[in-house]
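Two forms, one chain: they're shown below as structure tokens, one block per form, named structure 1 and structure 2.
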Structure 1
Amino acid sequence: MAARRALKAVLVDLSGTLHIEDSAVPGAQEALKRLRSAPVTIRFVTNTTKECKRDLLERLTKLGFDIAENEIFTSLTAARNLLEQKQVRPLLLVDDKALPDFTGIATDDPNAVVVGLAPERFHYEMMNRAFQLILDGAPLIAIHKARYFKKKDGLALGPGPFVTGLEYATDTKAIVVGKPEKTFFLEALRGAGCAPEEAIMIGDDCRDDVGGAQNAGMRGILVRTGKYRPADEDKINPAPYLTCENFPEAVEHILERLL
């Protein structure tokens, strides 16, 4: 196997890795400060569709994380970019708090369907409207297809099961823009001045974070916080480059072994 190049970039998942709702993972703020002392570019990559980037940044700042808005790359950003490229008018099945990230996108007389995490919109009438649009030829765009995510009171259904239901009913395939899509990771790295082989991803989702990053040519560190469940490591091939208890332990490994 060819020798790995020196590490130049670290991609960090947010929900489940740095925080769970309004609680930070213990020690995560200090670990991020330590990581910032290293000669690496840091990008925060998230599939969250529950809130716009501005609200997400506000939440992280209140939790004591030193993060700039231009360091965050979200699946909402990727979805908006795709809508602009395709020049379509979406039926937006997203949370109201995510709508600011679609400001300026025309939504009258929709000819595309966009699905994020939208519990208030996942009812029969709205899903049936989406179903009919797709049957009429509208593309189905999934911001991501996560099966579930971590809340304070336990695991909760993600948008994946609802996207899959629409795929099944319409005999079509969704265009997925968020993790684990290779294009998402490569777009997140754009401007970081490094190749995928010079980057590593830290996240709590074995398939979407770690598996997606490794399929894009990066290394992946799985953390046992957030949505992690025992034996998640066995769900992807190749297995994660490393599994750590939490984000601080992952940072410690990077600082001690990879620089």
Structure 2
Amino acid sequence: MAARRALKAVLVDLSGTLHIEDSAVPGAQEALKRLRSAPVTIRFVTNTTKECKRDLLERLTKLGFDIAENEIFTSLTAARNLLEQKQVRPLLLVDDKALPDFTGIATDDPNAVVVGLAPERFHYEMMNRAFQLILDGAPLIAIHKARYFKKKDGLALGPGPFVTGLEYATDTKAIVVGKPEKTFFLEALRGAGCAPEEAIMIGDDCRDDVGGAQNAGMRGILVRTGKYRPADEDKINPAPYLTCENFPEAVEHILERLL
């Protein structure tokens, strides 16, 4: 690792790394403050299909984190950037709460399809509309492809099955924009003015956070908080650059060893 160039950017996962539901990881606010004193760009990166940046920011601020909205990069941001880059007008199958992140994007006469988690929009008529657009050449953009998620009253279908159904019907592949896609990490670094080799990712998901980042050329630190389960670090090859107890310990390592 000695041959590496000095660190210029730190990407930090939110849920499970800085906070778990409505409580902050102990010492995380302080650690973030210390990290800010170092000459590095900080970005907060997360897979979300429901919460817009504003809602995420509100929650983090309430928990005492010093974060600015333009430091947050989510899978919704990635989808938006892709739409702008392709200059397409999307049919948005996303939750109402996610719509603020698409403000200003034209949606009339759509020629692209974006699928998030939107149970009330996954009805036959809307799915047919999406299907017909894709068949006519509209790109299918998936915020992510999770199979299901846990609700209070049991398991519930995620966006993945609906994306898969549309892929099958149209014989196409969706462009997935969230973690662990390589482009997600590279996009998150945009504006930081540094190469992936000069960046590090801290997260609690071995595959999506650490594996994804390392696959994009960054280093990855796995924290043993949030969804972490013993032996998670063995799930990827090459192994995580480092496994730490928690976010504060990861920050200490960066400040002492990587600058």
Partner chain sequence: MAAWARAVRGLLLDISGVLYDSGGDGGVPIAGSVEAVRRIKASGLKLRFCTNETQATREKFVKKLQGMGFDISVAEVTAPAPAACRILKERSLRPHLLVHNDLVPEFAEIDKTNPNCVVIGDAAENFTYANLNEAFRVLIGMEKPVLISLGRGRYYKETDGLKLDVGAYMKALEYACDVQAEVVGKPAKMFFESALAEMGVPPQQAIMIGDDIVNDVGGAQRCGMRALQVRTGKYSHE
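The term rigid core refers to the maximal set of C-alpha atoms that superpose within 1.5 Å between the two forms. Values in this document were obtained by computation on a predicted structure and should not be read as measured data. Start at 1 and count along the sequence of structure 1; that gives the residue numbers used here.
Matching each structure to its source, the form predicted on its own turns out to be structure 1. Shown in the overlay between structure 1 and structure 2, fitted on the rigid core, is a CA shift at Asp101 of 2 Å or greater. Annotation for Gly178: C-alpha shift under 2 angstroms between structure 1 and structure 2, rigid core superposed. With the core held fixed, the Cα of Phe149 is displaced between structure 1 and structure 2 by 2 Å or more. Its Cα shifted by 4.8 Å, Leu117 is compared between structure 1 and structure 2 on a rigid core fit. For Ala169, the displacement of the CA atom between structure 1 and structure 2, after superposition on the rigid core, amounts to 9.1 Å. Core-aligned Cα shift between structure 1 and structure 2 at Lys50: this is 3.6 Å.
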